[in-house]
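A single chain, nothing else alongside it, follows as structure tokens in the form predicted alone.
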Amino acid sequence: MSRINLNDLDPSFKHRVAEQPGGQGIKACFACKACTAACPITAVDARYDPRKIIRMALLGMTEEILHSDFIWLCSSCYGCQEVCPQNVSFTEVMFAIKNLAAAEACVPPGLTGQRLLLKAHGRLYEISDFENEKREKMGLPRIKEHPEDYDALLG
């Protein structure tokens, strides 16, 4: 078990999360673990534990949270919110945490790659002439890329 250095904790982190859209409920959690029991991701990856993530945020373990890859595992199924006796909107809290991570450029390379693909092609993969020729042989219309739609939506 690793030790926590109190000098590395950021007591303002929970307030930063709470100030984000969706992050307001983070301080209401009393660690009952109902969210973790309902989480399908926890069943396949023990690093993802909603109760533990909230505890880490409340303690101010900013670096450990924002630089982790486990915060990106949330499937946004809202199962945690459905069982929370404190009505903590944990999925929304996760969006708030991910927004803080993105603002500090702490995004996994795969997501950065997806953003670049969206910007270049307006979709998560390039439609080449090969795919369009296959489509034409099957009597399907050609697919046109519209990266400008991505720029209009997300900038």
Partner chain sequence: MEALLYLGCTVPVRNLNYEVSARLTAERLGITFRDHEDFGCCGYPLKSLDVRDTLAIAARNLAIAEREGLEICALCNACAGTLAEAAHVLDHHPELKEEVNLRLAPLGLKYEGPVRVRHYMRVLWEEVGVEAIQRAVTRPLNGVLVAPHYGCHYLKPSELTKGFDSPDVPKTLSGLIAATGAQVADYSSLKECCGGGVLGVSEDVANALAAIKLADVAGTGAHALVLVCPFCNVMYEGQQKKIAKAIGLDRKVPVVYYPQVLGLALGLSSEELGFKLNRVKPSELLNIVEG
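Numbering follows the first chain given and starts at 1. Predicted, not measured: the structure shown is a model, and the values here were computed from it.
The discussion below concerns the form predicted together with its partner chain, not included here.
S.K.: In the predicted bound form, which of the listed residues (M61, A28, A34, I41) lies with a heavy atom within 4.5 Å of its partner chain?
M.R.: So the residue touching its partner chain in the predicted bound form, by this definition, is I41.
S.K.: Could you tell me if L124 has a non-hydrogen atom within 4.5 Å of its partner chain in the predicted bound form?
M.R.: Yes.
S.K.: Although the partner isn't part of this model, could you tell me whether K98 comes within 4.5 Å of its partner chain in the predicted bound form, counting any heavy atom of the residue?
M.R.: K98: contacts its partner chain in the predicted bound form.
S.K.: Any chance K52 has a heavy atom within 4.5 Å of its partner chain in the predicted bound form?
M.R.: No - in the predicted bound form, heavy atoms of K52 and its partner chain never come within 4.5 Å of each other.
S.K.: Is D129 part of the interface with its partner chain in the predicted bound form - any heavy atom within 4.5 Å?
M.R.: No, no contact at 4.5 Å.
S.K.: What are the residues of 125-149, in order along the chain, with a heavy atom within 4.5 Å of its partner chain in the predicted bound form?
M.R.: Sequence-ordered list: Y125, I127, E131, K134, R135, M138, L140, P141, I143, K144, H146, D149.
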